[in-house]
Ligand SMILES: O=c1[nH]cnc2c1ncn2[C@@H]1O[C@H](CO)[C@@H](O)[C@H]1O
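To begin, one chain is listed below as structure tokens, in the form predicted alone.
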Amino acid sequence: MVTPVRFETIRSAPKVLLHDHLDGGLRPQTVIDLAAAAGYSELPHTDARELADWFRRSADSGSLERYLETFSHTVGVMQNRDALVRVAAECAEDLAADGVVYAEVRYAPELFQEGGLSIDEVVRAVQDGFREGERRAETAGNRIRIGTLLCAMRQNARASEIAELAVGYRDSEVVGFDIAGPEAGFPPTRNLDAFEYLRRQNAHFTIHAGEAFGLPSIWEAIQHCGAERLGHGVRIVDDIEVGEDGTARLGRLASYVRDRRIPLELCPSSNLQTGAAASLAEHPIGLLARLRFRVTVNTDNRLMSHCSMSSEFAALHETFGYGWDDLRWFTVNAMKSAFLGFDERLAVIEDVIKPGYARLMR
């Protein structure tokens, strides 16, 4: 008998997450604890429930710029080694408890140096935290592997430095590179030297593109910079015309993205907060999945969006009627698109994902 699709059963399904920000996924109580330990006095609330509500309300503005402002508090309390280790360990634990078996978690090392840490000390602290979190998760019966993406802030001038850092730590579970921050006024080509270096080094990278800005951002990320994946990429829908009868006509860029199987790191709840759609029912994920783009489902910032992979899947089930076949498809898409070796990806798909969904579907 097929297991009913609901939040509780979705939590037991193996899931893969490619787009999750470390500084966007803190536990509210951890923010409060770290603020007290560091003497950080800027928090709007010191009650965990009230603070969680504040983050969600502030992120619901419909503006990417306002959304990004909420990070001043999480980043503000993550300025020493102990804080970074704790946040990374809890991130791994929380994702594993939600049924995530593989995750790529990203952060910008340059944001965590205000307390005097060197850039290498930041990376080592986060990696130590992830390994500790993996150990705790396994002890609790939840196995997970965390790969790290190092981000450069696109409005700054440190992309080449961070790209070299990513290459330097790629044998220590740093699996790739990204640029993040405001898209408008800061096109991907501002960091072209970094992407050319990564390609020469056979290193992996994704690019935040097509979230708050449109098709030019996506085009530059792919055609000039060589992005392997698109961070969000939701605005690719602007290159698709849908007729009154529901038939879709793809423009040249949309066709290229679909034909080349370039993964879209879609983050439904976050996309609603930043104005990509007025409601989940109107979110482009429905169309893009129907047209068989390489769609993946992600959380982006679990604290700000008050979400998890299970809640995102549950919301998609309620809105679009997606069943286990669809949720498995999203999960396999993500694992195919992970920045791991082919054998490692295939092993997770065949040994973990497919058997996990088979148990739910029989």
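What you see is a predicted model, and the numbers here were worked out from it, not measured in a lab. Counting begins at 1, following the sequence as shown.
The next section is about a form of this same protein that is not shown, the form predicted together with this ligand.
Which residue, 85, 111, 288, 117, is the contact with this ligand in the predicted complex, using a 4.5 Å heavy atom cutoff?
Of 85, 111, 288, 117, the residue with a heavy atom within 4.5 Å of this ligand in the predicted complex is 111.
Would you mind picking the one in 186, 219, 213, 71 that has a heavy atom within 4.5 Å of this ligand in the predicted complex?
The residue in contact is 71.
Does this ligand come within 4.5 Å of any heavy atom of residue 232 in the predicted complex?
Because a heavy atom of residue 232 falls inside 4.5 Å of this ligand in the predicted complex, the answer is yes.
Would you classify residue 107 as touching this ligand in the predicted complex, given a 4.5 Å non-hydrogen atom cut-off?
Yes, residue 107 lies within 4.5 Å of this ligand in the predicted complex.
Would residue 270 count as a contact of this ligand in the predicted complex, using a 4.5 angstroms cut-off between non-hydrogen atoms?
So residue 270 counts as contacting this ligand.
Exercise: residue 67 in contact with this ligand in the predicted complex, heavy atom 4.5 Å:
Contact with this ligand, yes.
Can you say which of 156 to 164, 258 to 266, 176 to 184, 128 to 136 gets within 4.5 Å of this ligand in the predicted complex, counting heavy atoms only?
Heavy-atom contact with the partner occurs in 176 to 184.
Need the contact residues for 9 to 26: heavy atom within 4.5 Å of this ligand in the predicted complex, sequence order, or none if there are none.
The stretch 9 to 26, when checked against this ligand in the predicted complex, contributes 21, 23 at the 4.5 Å heavy-atom cut-off.
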